[in-house]
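Form predicted alone, single chain, as structure tokens, below.
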């Protein structure tokens, strides 16, 4: 009798283990799969670093989600291949995060109408492709207010990758803010032609310092080399992408513009999981400081307390809707009036920016 009971117990235990394993397998199978594609490395302390922090927020907040990632994927047909692989693994939502991924995302979306693709900063969408972006030029403008008060040479150096609207927004916002408190400011720009090339970025930074810049900023996916060059040459930094850059030039840090993708990514993933993708596809989702997508980085010791207070007061005005960055009057650097006194910029004014504002030296490369 004992042997019979023991045998039954063992059979029951084995059956329980099999059932538990089957339940776990079913739970795993039910996970909603999301893919993130990055043009550079996750540890660049910049563009990809901050998108990946957003990915980590999704994993931390949503236990029913499985996340796939791919880094260092060029803006070529290669990214379509990577997205197709993710879809084959079950992905129902993809975040192609780089500017040059837009057309590939549209192409993949046509082939897979049941998959949602959310592109970072794109200018077109489709039935299952949406775009999202934070108006990071808002904190760049605020950083300009501080930089205009801190500079001793009245020259800002800007290391840019490509002359796309998002880059020009940042160059113009920084200059616009700096000149509003110091009309003597000039901004000089050098393009590297690459989103991340540490050697070229450092070389451009040194060249700008040699031209008289004592404040350096940038629009590079990997911003650390520019900040470190500023530290070595004992000049000031306005950071971009991440507030964590401050540690690479603590003495010369002014402030910077930083992303906060986590809350947005969590919201998008939740909505798509719940069948509410229509909130995001076939449209452009945008937000400034009021949205929480972007933020002003902490001030460094180089910024006087009175300047900090003035900048934060303007930040509150922007968040409260009492002030709009690029509010007229505004001219380009050729003297053409772009916005009359009191006029506010339209969506197209921002998204299709192709010019330099007053104070930026030179012509936009074509």
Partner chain sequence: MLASVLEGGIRAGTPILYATLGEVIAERAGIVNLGVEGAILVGACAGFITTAQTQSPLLGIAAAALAGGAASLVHAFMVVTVRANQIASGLALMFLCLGVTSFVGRPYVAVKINAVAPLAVPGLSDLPVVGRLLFSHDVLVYGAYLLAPLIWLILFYTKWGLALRAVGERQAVAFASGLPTAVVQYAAVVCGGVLAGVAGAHLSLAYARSWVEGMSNGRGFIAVALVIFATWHPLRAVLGAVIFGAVFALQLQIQARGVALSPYFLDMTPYLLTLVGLLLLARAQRHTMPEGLKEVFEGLK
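Numbering follows the first chain given and starts at 1. Please read all numbers here as calculations on a predicted model, not as lab measurements.
What follows is about the form predicted together with the partner chain, which we do not show.
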Task: Exercise: residue 56 in contact with the partner chain in the predicted bound form, heavy atom 4.5 Å - done: no
TODO: Using the partner position in the predicted bound form, report whether residue 197 sits within 4.5 Å of the partner chain, counting heavy atoms only.
DONE: yes
Open item on the list: Just checking whether residue 206 would be counted as a contact of the partner chain in the predicted bound form - the rule being heavy atoms within 4.5 angstroms.
Closed with: yes
Task: the partner chain contact in the predicted bound form: residue 304, any heavy atom under 4.5 Å - done: no
TODO: Would you point out which of 219-227, 288-296, 144-152, 268-276 contains residues with a non-hydrogen atom within 4.5 Å of the partner chain in the predicted bound form?
DONE: 219-227
Open item on the list: Under a 4.5 angstroms heavy atom criterion, identify the one residue in 258, 93, 235, 190 near the partner chain in the predicted bound form.
Closed with: 190
Task: Residue among 243, 115, 161, 281 with a heavy atom within 4.5 Å of the partner chain in the predicted bound form - done: 161
TODO: Pull the contact list for 243-258: residues with a heavy atom within 4.5 Å of the partner chain in the predicted bound form, in sequence order.
DONE: 247, 248
